[in-house]
Each structure stands twice: as structure tokens, then as C-alpha cells.
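One protein chain, two forms: both are listed below as C-alpha cells, the first as structure 1 and the second as structure 2.
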Structure 1
């Protein structure tokens, strides 16, 4: 290739590619409304809260950001919103082992933030994040209680034998610490009445039978 040929490759090749980028950008902007729910006042206010407290400095969202803390795109799918709100307001009261500091959000800011997280969870991301294909913690359990534990996704917040989330206490030995099945039933129905200030969601909608099965299962964990 001659000197001028090389220079022309540089100038015209890059201009051509840039033109294609512009076309694709215009097309992309046109499709975004179909790929995401409407942006309400609350969602926009929540996005501003996200920026104000620099949440991206620890978390990723849509997979971009910092890798110090969990991905936020599907946060409201993983855990109930009431729990998330309480956690964001004061992480370490909810979970003494939390690494997230208390940032001083107001009630209103937290509500808007949840609206924003709800919005982002509904964006069409071409299937990301993917469902785990080897799912260690899913499937049927060996007893009715264990199956219910999995079905109601208790492991989103609790660990048993190293598997599960860390939002609530580790339940590997809960049968030793809290051996009373009735305590568990009361706690599952209305956690706050048993543990003041508890951030665990209530499972009052479960049938009495299911609650009993769950409680019986919990006290076998020793």
C-alpha cells in the first residue's frame, strides 16, 4: 500500500465507520421507548438519587460500574421492595455484617430510588443477566419443608451450609439456636412482632400447613 493509500484508508475508513455509527445511534434512540416502561417523575427522581449518592461507585447497574457490591438491575426481583427500602435507609441495623455504609437517604429519596430500580428491572436487556444454568440451590428438596424453603426463595437472604444470600442470619444451625417450631411459625407470619424492627418479609399468606412444614424443617437444621 502506498503512503497516500494508507492515509486515505485512515481518513475515509474512519469517516465511513463513524457515519454508520451515527445511523445506528439514531435507530437505537428510536427503539428505546418500546424496550422500557414509561419514565415517571418518581423514576427520574430516583435516577437522580442514584447519581447523587454515587451508588455506581460500589455497584454495577446494567452490568456497568464498580464491582465491590451486587448488580442492581434485578435487585427488586431478587428481594422484596420493602426489605430493600429498609436496607438502603440503614444497612447495618438490618444486617450487622453489611459492608454498605449508611448514606443518609431520606424516606422520599428511598421511595423514588425503589421506583427507579423497579423501572430498570423491566428494561429489555436481551436476556441479561442470564439465569444460572447449573443452579446449585434450585430444584426440589428432600423434604416438604425444604422444598417450601426453596420455593419461597428463603435462600435469597439466608444461607444453609454455605449456599444462599447474606441479607439475613445464617440458618445452618438454627435448630440449635431456636428449637421451638411455634416460635418459627409466629416469626414467619409476622417477623416484626417477634423480632422488633425485623426487615424480613412476612409470609402470612402461606397456609398453616406450609408454615408448620417450614418450621419443622428449620428446627432440624443443627
Structure 2
């Protein structure tokens, strides 16, 4: 290629790339408002609550913050809002060993904070962060009950063998403590009927077969 040909290729190639960049930028700006979740008064008030109580001093959102406590970007997806509200108002009524102190939020502040977390949860993070390798591998070659345990994200609150969340009881030896599958079925259908004051959400929407499979899996944990 001649010197002039190389120069023209560089110039016209650069102009083409610049034109494509301009078109993509205009398209993004034009659709940004449609893709962004609506910011309501409650969401705005919840953001102020987040800063007022310095939640970012322990938690992260979208990877920003401190890593002393769980990442909160998808907290509303992983845990029911009713559970989150109870935990925010007084963590140790849910988990007596919770490291998070009672911050003294009002009911309104808790509702607004959850509205803010709900807004954050709708941000598309493109699947980041990826699922932990050991957690992803847990479903391979597993029983139907173990598959259901993973499908319904039970590990977001419970640990088995050191893997999982700490908001709920450790289930590593639950089969020794509660060996009755029927007890687990009742607990899954209506947690408060067997554990008064339980913050665990009900799984009454599951079929009888799924409830039985999940209960049979739990009693194998010994």
C-alpha cells in the first residue's frame, strides 16, 4: 500500500469510527430515561436514609462501599421485603448473633430504605458478580431437594457446611435437630406456625411434591 493510501485509510477509518460513536451516543441518550427505573419520593428519601445511617460504611452497592457486611445491590431480589424490614428495624430479633446493631430506624425510614434498595436492584449489572464457583458446582449431580434448595436461593440466608448466608439458622446439622420431614413441610408452608415470630417467608406456593423433596433433603443434613 502506498503512503497516500495508508494515510487515506487512516483518515477515513477514523472518521467512520467517530461517526459510529456519535450515532451510538445519541441512541444511548435517547433511550436512557426509558431504561432507568423511576425515582420516586420514597426512593429519594431512602437514599437519604442510606447516607444518614452510613450504611455504606459496612455494605456495598454496585461494588462501592465497605466489605464488612453483605453486598446490597440485589438484596431485595434475594430476600423478601418483609424479612428485610424486620431485619433493618432490629437485626437481633431475626438473628441473635447478628453483627449489625439496632440503628433505631423508624417504620417510615425502613420502608423508604427498602424502596431505595428495590430501585437499586433493578439496575442491570449484566450478571456481575458471578456466582461463587463452589455454589455453582453444588447443583451438579445433586438430588431434587438440593436442586430446589439452590433454585429458591435458600443459601442467601442459610449456611450448609460453611457456605451460604448467616441471616438464618445454620442448616448443616438440621437433620439431627429436626429429623421429621413433616415438621419441615409445615415450616416451609407457614414458618410462623411452628416458629413464632419467624422472619422466614412462606413457601406455600410450592407443590406438595416439591415441599416433600425439599424436606427430605433437609433431614439428610446430619
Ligand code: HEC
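Numbering follows the first chain given and starts at 1. Only a predicted model underlies this, so the values are computations on that prediction, with no experimental measurement involved. Definition used throughout: the rigid core is the maximal C-alpha set that superposes within 1.5 Å between two forms.
> Of these two, which one is the form predicted together with the named molecule?
Between the two, the form predicted together with the named molecule is shown as structure 1, not structure 2.
> Would you tell me if residue 102 moves between structure 1 and structure 2 by 2 Å or more at its C-alpha, with the rigid core held superposed?
No, shifts by less than 2 Å.
> So that I can tell if residue 92 moves, could you say whether its C-alpha shifts by at least 2 Å between structure 1 and structure 2 after the core superposition?
Superposed on the core, residue 92 moves its C-alpha less than 2 Å between structure 1 and structure 2.
> Please say whether, between structure 1 and structure 2, the C-alpha of residue 25 moves by 2 Å or more once the core is aligned.
True for residue 25: a C-alpha shift of 2 Å or more.
> Would you look up how far the C-alpha of residue 122 moves between structure 1 and structure 2 when the rigid core is overlaid, in angstrom?
Looking at the C-alpha of residue 122 between structure 1 and structure 2, the offset is 2.3 Å.
> Give the C-alpha shift of residue 12 between structure 1 and structure 2, in Å, after superposing the two forms on their rigid core.
Reported C-alpha shift between structure 1 and structure 2: 30.5 Å at residue 12.
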